[in-house]
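Just one chain follows, in the form predicted on its own, and it is written as C-alpha cells.
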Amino acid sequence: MKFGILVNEGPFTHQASDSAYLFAKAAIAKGHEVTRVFFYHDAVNNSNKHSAPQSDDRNLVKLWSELGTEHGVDLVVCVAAALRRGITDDLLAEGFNISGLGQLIEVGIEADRLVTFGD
C-alpha cells in the first residue's frame, strides 16, 4: 500500500510529529511505501536544521532526515507555512524541500491512503 502523510503540529509541542514518524517507520518495516510526508502549519519546524534538543531527548529533525534519505521518502515543507515561521531553503535539514500545497494534493490523489497527524 502507498501512504501519504500530512503532519500539522510542531515537533516539541504536540505528539503528532512523533506519531507520524513512528507510523511511517512501521509502515515501511511492514513493506508498505511512504511516498511523501507533507509538513504543514507548525509541523514545518520538523525541518529546521538548527533545532537542537537536549542530548537525552529525541531529535525528530534528524530522525525525519534519516528516514527520508534511507527510504526515499519525499519530505515536503509547505512554503507559505515555512516562510511565516522564518524557515527558508538555507535552514532546511538534509532531505527536506520546500514546495506548495500542490504537493499535498498530488500525494492525496496518488497514494492509497493519506494519513493526517495533528489538527
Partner chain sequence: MADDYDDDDDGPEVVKRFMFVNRKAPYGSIYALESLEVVLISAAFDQDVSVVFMDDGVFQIKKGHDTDGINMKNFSKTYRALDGYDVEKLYVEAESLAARGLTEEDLIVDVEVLSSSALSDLMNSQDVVISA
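Numbering follows the first chain given and starts at 1. Since we're looking at a predicted model, the values are computed, not measured.
One more form of this protein should be noted, the form predicted together with its partner chain, which is absent from this view; the next part is about it.
Asker: Is I109 part of the interface with its partner chain in the predicted bound form - any heavy atom within 4.5 Å?
Answerer: Taking the distances in the predicted bound form, the answer for I109 is yes, it comes within 4.5 Å of its partner chain.
Asker: Considering only heavy atoms, tell me if L6 and its partner chain come within 4.5 Å of each other in the predicted bound form.
Answerer: Judged by the heavy-atom cut-off of 4.5 Å, L6 is in contact with its partner chain in the predicted bound form.
Asker: Hey, in the predicted bound form, does A81 get a heavy atom within 4.5 angstroms of its partner chain?
Answerer: A81: contacts its partner chain in the predicted bound form.
Asker: Should I105 be classed as touching its partner chain in the predicted bound form when contacts are defined as heavy atoms within 4.5 Å?
Answerer: Output for I105 is yes: heavy atoms within 4.5 Å of its partner chain.
Asker: Based on heavy atom distances of 4.5 Å or less, which listed stretch (22 to 30, 69 to 77, 38 to 46, 56 to 64) is in contact with its partner chain in the predicted bound form?
Answerer: Going through the listed ranges, the match is 38 to 46.
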